[in-house]
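Shown below, as structure tokens, is a lone chain in the form predicted on its own; questions about how it binds or moves come after it.
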């Protein structure tokens, strides 16, 4: 029997709704969630493929033996040499648990949010469609197509589009009235006088901290778009580190605990310099491949929780399929003893 259940897409911070199709309780595909206010029945390829993690998840194993191994590693090293990594892949509830676990044990905590910033009053998706001028940093139409769709609507409504993207052949450059390719600094400097209260600046990348200083000084509505679903939620409770700060943290780490993230894919770093790496992950990634211990955790389809999307809206999601695998919160409880 076919069944359709509503949930949230975990692929980026836009916060799209997605339907998951089950056949006799087994997940077989996705289907557009037409009544969801963010994406109104549209899902990008990343959203449609988001169930692949469930399809490729680690097999259920005897987790108590793995937890015992993790505890032995934690007891074998000084707390100031332990680093705990959390990310925007973790739910609001998981981030609270990871933070409390790290702080109560005097462990370092690492959180990276694409070098972007938290904005208290962000531009809404309606603000994008109704803006007179839109300034875009990054190829939003390709990398975050459901926000890109709002930019297209704004263009149809008469908005002028100014974009920075490294590639002249990028999708956003094909849409923009003016496109810049040299640097974010040049883009901001050239357009500074043209950015005003009628403008919206949308960005999913920056080149430097100086870029952020210039962006924060602008008199317009801002919308940073993160690569992970709950980076905005994490920024509400954690201070993010720059890429350079993360690399320095790795240099001072002997035992690295990675909660549902792929630091090997994200950072150009020689992780063989770290004595032990422990991953808590639902499926294989580049970090689990080099980890000394891998503890399977529930996929996003097997648990309840909440994300905060790029616009700052809290969105809840519910279990789609039941699982005997432990969640990150349950594993942390076991690590507490």
Partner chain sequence: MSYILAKSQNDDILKAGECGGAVTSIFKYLLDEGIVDGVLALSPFDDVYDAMPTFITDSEELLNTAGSYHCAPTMVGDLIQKYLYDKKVAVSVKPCDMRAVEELITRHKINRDNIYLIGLNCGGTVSPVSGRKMIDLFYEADPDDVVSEEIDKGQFIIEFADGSEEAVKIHELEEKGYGRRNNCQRCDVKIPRKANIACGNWGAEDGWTFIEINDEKGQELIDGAKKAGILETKNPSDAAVEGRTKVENIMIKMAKKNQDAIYPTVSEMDEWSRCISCYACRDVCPICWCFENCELNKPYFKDETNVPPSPIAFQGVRLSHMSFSCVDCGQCDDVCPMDIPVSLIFDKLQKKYCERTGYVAGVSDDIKPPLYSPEKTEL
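Since the model is a prediction, treat every value here as computed from it, not as a measurement. Numbering follows the first chain given and starts at 1.
If you look for the form predicted in complex with its partner chain, you will not find it shown, but the lines that follow are about it.
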Going by a heavy atom distance of 4.5 Å, is residue 67 a contact of its partner chain in the model of the complex? no
Indicate whether its partner chain has at least one heavy atom within 4.5 Å of a heavy atom of residue 289 in the model of the complex. no
Do residue 250 and its partner chain come within 4.5 Å of each other in the model of the complex, heavy atoms counted? no
When the contact criterion is heavy atoms within 4.5 Å, does residue 19 count as touching its partner chain in the model of the complex? yes
Tell me, please, which stretch of 267 to 275, 45 to 53, 300 to 308, 59 to 67 lies within 4.5 angstroms of its partner chain in the model of the complex when heavy atoms are compared? 45 to 53
May I ask you to choose, among 208, 219, 174, 182, the residue with a heavy atom within 4.5 Å of its partner chain in the model of the complex? 174
For the stretch 21 to 56, I need every residue with any heavy atom inside 4.5 Å of its partner chain in the model of the complex, listed N to C. 21, 23, 28, 29, 31, 32, 33, 34, 35, 36, 37, 40, 41, 42, 43, 44, 45, 48
